[in-house]
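Only one chain is given next, in structure tokens, and it is the form predicted on its own.
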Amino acid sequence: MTGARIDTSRLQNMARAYTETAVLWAAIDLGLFTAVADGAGDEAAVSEAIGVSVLDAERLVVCCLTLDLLRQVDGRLTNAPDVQRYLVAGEPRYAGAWMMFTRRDVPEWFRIAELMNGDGEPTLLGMYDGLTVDAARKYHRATYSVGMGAGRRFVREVDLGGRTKMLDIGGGSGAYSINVVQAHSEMTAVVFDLPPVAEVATEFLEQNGVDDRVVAFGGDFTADPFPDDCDVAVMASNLPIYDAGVIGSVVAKTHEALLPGGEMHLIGEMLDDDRSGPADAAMWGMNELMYGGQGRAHTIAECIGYFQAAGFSDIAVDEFIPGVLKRVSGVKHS
């Protein structure tokens, strides 16, 4: 606005944003939200429940109140609604592992300037280079917690009536496939991911009792051929890991492999076409710097372009998770 006062407040808040992350992680580490859910209604009760001094309990509680992680209702502490749903240990939708997912990357984020233009060429697979089964298991235990929620949303929003088999490209834990076959008894699915990931995905399929209708196939979807008997394909949350050439190639391979009339759904963090946001899409693109990958943030228009170049028609863009994920879809008509 003309004449608006300019000061350092926004920049100061950005410079200290890491403190909010640190408080969230400390609260999860100490089990604060679980303690509050179990009835710890003031600092003294929190102190006893999580094993810290009353002073430190007060410090942590005050920070969480200011961040709207905790609230005071009738003089007692309560969790904010999203905290209560996702950060109380032992609850079905507990997502603490996902909230901690990027914690190991923190030192590298503070080395961005040093990492840029460093020695060595970016690799195609980035963080997936040399992936072990143990690393894949740890990774997808974190992604599973939020992936199942995304999978449930997918089956609510996408009409799969009449479809018979889904190709889940880079499907990780298999969360989308699990939800699809649970919601559609006539459907089967194949999770196509790197061999260590496929081994871990099989564990999740067995855990959910769908291993008779979903198979996890080990392969590199950037290079290996796809099965040609699927009439729907989904590629979710892989977008910023790869560059435009890889994403365009995968979309083209999917179009070629799908049965006539089949459909593809690309779900991921996408930038607005003017690249002014959302910040999350940009940050996931930057994340690939930490792993030496070629990945970058893609705009919505670029993603539409991948579908057009591959030959898809009836291309549509939908808000999948507002402010976080978009879904681009298209149909193979020939």
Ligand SMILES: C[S@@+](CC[C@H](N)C(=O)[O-])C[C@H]1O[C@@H](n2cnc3c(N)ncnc32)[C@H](O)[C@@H]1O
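Sequential numbering from 1, following the sequence displayed. It should be emphasised that the depicted structure is a prediction, and the values quoted were computed from it without experimental measurement.
The form predicted together with the ligand is left out here; the points below concern that form.
**Q** Ok, 237, 79, 182, 102: which has a heavy atom sitting within 4.5 Å of the ligand in the predicted bound form?
**A** So the residue touching the ligand in the predicted bound form, by this definition, is 237.
**Q** Of the options 256, 220, 134, 206, which one has a non-hydrogen atom that comes within 4.5 Å of the ligand in the predicted bound form?
**A** Contact with the ligand in the predicted bound form is made by 220 alone.
**Q** Might residue 194 be said to contact the ligand in the predicted bound form, defining contact as any heavy atom within 4.5 Å?
**A** Taking the distances in the predicted bound form, the answer for residue 194 is yes, it comes within 4.5 Å of the ligand.
**Q** Could you confirm whether residue 172 comes within 4.5 Å of the ligand in the predicted bound form, counting heavy atoms only?
**A** Although the ligand is absent here, residue 172 would touch it in the predicted bound form, with heavy atoms inside 4.5 Å.
**Q** Is residue 139 near the ligand? Define near as a heavy atom within 4.5 Å, in the predicted bound form.
**A** Yes - in the predicted bound form, heavy atoms of residue 139 and the ligand come within 4.5 Å of each other.
**Q** Is the gap between residue 147 and the ligand in the predicted bound form 4.5 Å or less for some heavy atom pair?
**A** Residue-level check for residue 147: yes, a contact with the ligand.
**Q** Please determine, with the chain shown alone, which of 257-265, 84-92, 109-117, 237-245 has non-hydrogen atoms within 4.5 Å of the ligand in the predicted bound form.
**A** That would be stretch 237-245.
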